[in-house]
Each structure stands twice: as structure tokens, then as C-alpha cells.
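Form predicted on its own, single chain, as C-alpha cells, below.
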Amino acid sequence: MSWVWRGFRPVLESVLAGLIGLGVGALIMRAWGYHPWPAYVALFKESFGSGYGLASALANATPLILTALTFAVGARAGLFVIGAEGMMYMGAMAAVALSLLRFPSGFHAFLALFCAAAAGILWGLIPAMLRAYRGVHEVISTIMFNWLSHFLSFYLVANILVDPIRAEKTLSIAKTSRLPLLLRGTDLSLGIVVAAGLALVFYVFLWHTVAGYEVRAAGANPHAARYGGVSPQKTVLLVFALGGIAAGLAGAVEVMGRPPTYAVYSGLTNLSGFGFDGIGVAMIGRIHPLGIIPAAIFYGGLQAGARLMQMEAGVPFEMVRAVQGVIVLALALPELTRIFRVLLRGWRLRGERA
């Protein structure tokens, strides 16, 4: 029966953590004079109580699934790849730039997605090489490249890809490269299929291929993996390439499948934050590609329900965000604790070897 317990333990831990998060959020609202029960009813009614709410939750989850995959595949290899934000910007810019060219419908969308994935890979190539061959820590390099991507994208939006009629955004994505909507009247597009499909591909790769086993082995015990013939440099490059594909696609599906403008706004306001939110989603999903899907939907539902929580329960936006943060932190805490235990064990082994 031990294997049954091992299988259900993560689920039970997540449920317990979620209940704790909801409880702490309720205490916070109550302390400031707001009623938790109506607020939570409004939150989840808007998120999952209607077809429109569920569609909004899925639309919000789409880029989060992809940016969470970027962090998750790195974490499985023992790396903290937090460069999804920058890779995502480059993917979005590539998708918009490709709209300047004319291609048949369908093929145009496929080509835009392909170029966005390639842009994500290329943007992550330098941090990957710095980590693989010079030992530069990926946290430092990816943070720096996030800022480089931010300002480069800002320049492209304001000067190169700018819409001559509406200067606050880029040119809109060409109709031939837009992702079709799955439900009329909503912003849920075919991007959710792309995101869920890639999560399935990542799962098959990590658990059913030799290269995926090597990635997981490098994260579980880097010294043993190296002794077994796993190349650390190859693993780093592979992880960054996979993460670049996912993050680049996140930027592409967000601009190709979000009506009505299908563009990137000045200041990157419609893209900013997805890369870092994906880290929390990956933690909630236990850095497992399949666990990330429901985690992203739940997180997307929290975002979708925030509006009704303000309107019906009278909870101010700042309080809504605080409560959401507490819930997400509580759900992410079990996996975060496990990752820190692995890191401490690795540091202890390095100290013993030294």
C-alpha cells in the first residue's frame, strides 16, 4: 500500500495546502472588515460557475502552462531557469513580425508559432552557453536577459513594429495567422490545445525517453549522473532549448489568440508577468508537466474571478490580489520546500566532496 500513499500524497498535500491558504485568506479579509464567504462564492462562481467563466480561466491558463513548463523542465534538471519572461517577449515579437509577410491562412499561423519557438530558443542560447561552459549561474544570466528582452521589445513596439494609426501598440496580427476561437464571444483560442499538447509532449519526453531520464537524473543527483555518462553541458543546452520553445510559444499564443486587438501594447502590459507567474504555477503543479495543466487552470480561474469578487462582495482589488497571493503561496509551499531540501542536500554533498 505504500505505493498508493506515494501516489496520493502530493494530491492530499495540495488539498490541505489549498484549504490552509483559503483559511488564511479568509482571516485577512475578516481582519479588514470584509466577509470571506460571499467573496469566495463570487470568486469561484465567476471562475468555474459558467461557460464564459471557465473559458476565461482556460484562456488565462494558456500562457501560464507554457511558462510553467519552462521553469519545470529546468527544475527537473536541477536548474533555476527564470528566463521565461524574456523568452516570451521574443516569441511575441517574432509572431508580430511574421505578420508583415503574406502566407496562406493556417500555414501562416503554423509558421508564426514555429518562428516564436525559434526566437525563444535563440534568446535562451547565450545564458545556456554561459551556464554550460563558463559556470555562470542561470538565475543571474536569465534575470539580466529578461531586462534586455524587456527593453529591446519596448524599442520594437515603439519604433519598428508600431501601428501607424494607434501608437500605443504594435501592428495587429494578420488575420491569416490568428488562432481560431474555440468559443464565440470569449477569448479562448486554439492556444489552449497548443499549450496542453506541449505539456503532454514534455511529459512523454521526461518520463519515456532516454534523454528525459538523463535530464531527471541530472537534477536528482548530478554527481551520479555525471559518473553514469550524462553530459552536464548537453543537459543544460537541452533544458534551455526546451524552455525556450515553451516560453516563445507562450508569447505567440497570447498575441495570436487574444481578441480584439491581437497585438503587443506599449510597456508590454498584456504580456508582463506571465513568465514569473509561471513559476508559481509550476510549483503548484509539482513541476510535473501534467500537474501544471490543472494548476494553471486554477490560477487562471483566480484571475478570472477577481472582477466579480470586487463587484459582488465589495472587496477592493488590492485585497483580492493579496488573498490570491496567499492561496497561491500556500499551494506552492510543499513543492518549494521539497526543492529547497534537494538544494541543501546538493550543497552538503559538494561540501563533503570538497
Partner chain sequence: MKRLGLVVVLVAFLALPVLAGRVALILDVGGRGDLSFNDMGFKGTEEACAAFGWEMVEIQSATSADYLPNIRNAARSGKFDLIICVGFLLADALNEVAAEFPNQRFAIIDAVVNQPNVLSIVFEEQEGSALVGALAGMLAAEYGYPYVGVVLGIEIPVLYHFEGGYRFGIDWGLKKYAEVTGKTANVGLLWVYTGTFSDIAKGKAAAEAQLEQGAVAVYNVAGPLGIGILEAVAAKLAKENREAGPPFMIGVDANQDWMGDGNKVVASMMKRVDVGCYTAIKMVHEGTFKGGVLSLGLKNKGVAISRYQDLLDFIDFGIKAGAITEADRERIIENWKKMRASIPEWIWKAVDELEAKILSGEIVVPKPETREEMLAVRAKYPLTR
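Positions refer to the first chain, counted from 1. As the structure is a computational prediction, the values presented were derived from the model and not from experiment.
In what follows, reference is made to the form predicted together with the partner chain, a form of this protein that is not presented.
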Problem set entry | Heavy atom of Trp37 within 4.5 Å of the partner chain in the predicted complex | no
Exercise. So in the predicted complex, does Phe317 come within 4.5 Å of the partner chain, heavy atom to heavy atom?
Worked result: yes
Exercise. Should Pro260 be counted as a contact of the partner chain in the predicted complex, where contact means heavy atoms within 4.5 Å?
Worked result: yes
Exercise. Taking 4.5 angstroms as the cut-off for heavy atoms, does Tyr265 touch the partner chain in the predicted complex?
Worked result: yes
For this session: Work out which of the listed stretches, 23-31, 318-326, 294-302, 64-72, brings a heavy atom within 4.5 angstroms of the partner chain in the predicted complex.
Result: 318-326
For this session: Give, in sequence order, every residue of 35-63 that has a heavy atom within 4.5 Å of the partner chain in the predicted complex, or say none if there are no such residues.
Result: Glu46, Ser50, Tyr52
